[in-house]
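Just the one chain here, laid out as structure tokens, in the form predicted on its own.
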């Protein structure tokens, strides 16, 4: 055993795959310790908040302020409010209002805004301007008003006695607060999804559930395939014919189509993660059974097996003691591939709306389904689906690397 483990961990591919998988597993186990929020908890009133650090505006007003004189602060402030498309739109309005295009310099922000403020009139209609364009220019004018000024923003509250707004403070353009001094700060590395839920917290929980589904489905499929393959390959005859008839029957029917039909017949209310894993396992054993059978057929007439027969050992003893140890490495590789296939099968089912219940726990497939239903890929909200794709790819890639590494260790024909 010690020599075998040394041989396995000398395989570069196995070590690389194991390291990737271990990193994913550690992340799944450690993250909930630091962020114990329920994965399906709605924390945002809105959809698809961009990744970033969110600071409470209310708390930042009461935090200590610090004066910073940064040279590029005004430029960045204007750029954030005035995109290239907005500059072109301003130019279009000014030209329509009679300003020569040669006098408009899009690169000179100060001049462009001065021309805008000097000429813009919300009641004026230029040629070709629709009502939607008019509303856009009104919003644009509101956004850029005051960008060139240095005056502060007043903070006022209503006097309970007089009902009049009274100024209690002013926020200057040079006022800054330290994030560490703000009471409420929430880091959202992957933003929020269509329901306003933290995508990273959801992704970690979904990865854990999908791994559990893959593990249960892989164990069930491997056990069924192993038992049928051992019995069919060793006993042969009518038993072999009967088992192979059933195996060929499942081979003819595409497993994913069978999986869809069974999942649909179960119903949404009864489809929990464990039920989905069982369905996947009971429809994915075919290739394992055929592969194990071919291995057993090559072993059943070996000298040590014949000696065990002559010694009067039972069929069960011969299969478990004289055949199974010789194909144990192959069974482990089959289990790894079955786990990977189980995760992919769950993702495919969930995208079709036939996965686990959406009210219990998220899975990687369910996250993909939610992103597709709410058109995250069309709206450009990459954080709602791209991390899920990367996670699925990394899990399957790591398992395939481990399987390839084990195959190189145990298959003499592949050794360098």
Partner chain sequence: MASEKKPCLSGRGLTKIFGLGNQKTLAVDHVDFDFYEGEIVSIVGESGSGKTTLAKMLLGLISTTEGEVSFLGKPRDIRSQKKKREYWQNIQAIFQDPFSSYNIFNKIDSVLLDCIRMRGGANLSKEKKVEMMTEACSFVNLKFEELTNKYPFELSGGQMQRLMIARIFLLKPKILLADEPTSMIDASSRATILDYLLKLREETGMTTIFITHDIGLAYYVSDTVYIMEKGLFVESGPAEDVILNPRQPYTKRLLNDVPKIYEEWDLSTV
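A quick note: this is a predicted structure, and the numbers were derived from the prediction, not measured. Residue numbers count along the first chain shown, from 1.
FYI, the form predicted together with the partner chain isn't displayed, but the following is about it.
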Any idea which of 205-213, 319-327, 110-118, 281-289 reaches within 4.5 Å of the partner chain in the predicted bound form, heavy atoms considered? 319-327
Students should find that, of 92, 81, 313, 134, the residue having a non-hydrogen atom no more than 4.5 angstroms from the partner chain in the predicted bound form is 313
Just give me the single entry in 301, 75, 162, 130 that has a non-hydrogen atom within 4.5 angstroms of the partner chain in the predicted bound form. 301
Examine residue 306 and determine whether its closest non-hydrogen atom to the partner chain in the predicted bound form is within 4.5 angstroms. yes
The partner chain in the predicted bound form - contacting residues of 344-380, heavy atom within 4.5 Å: none
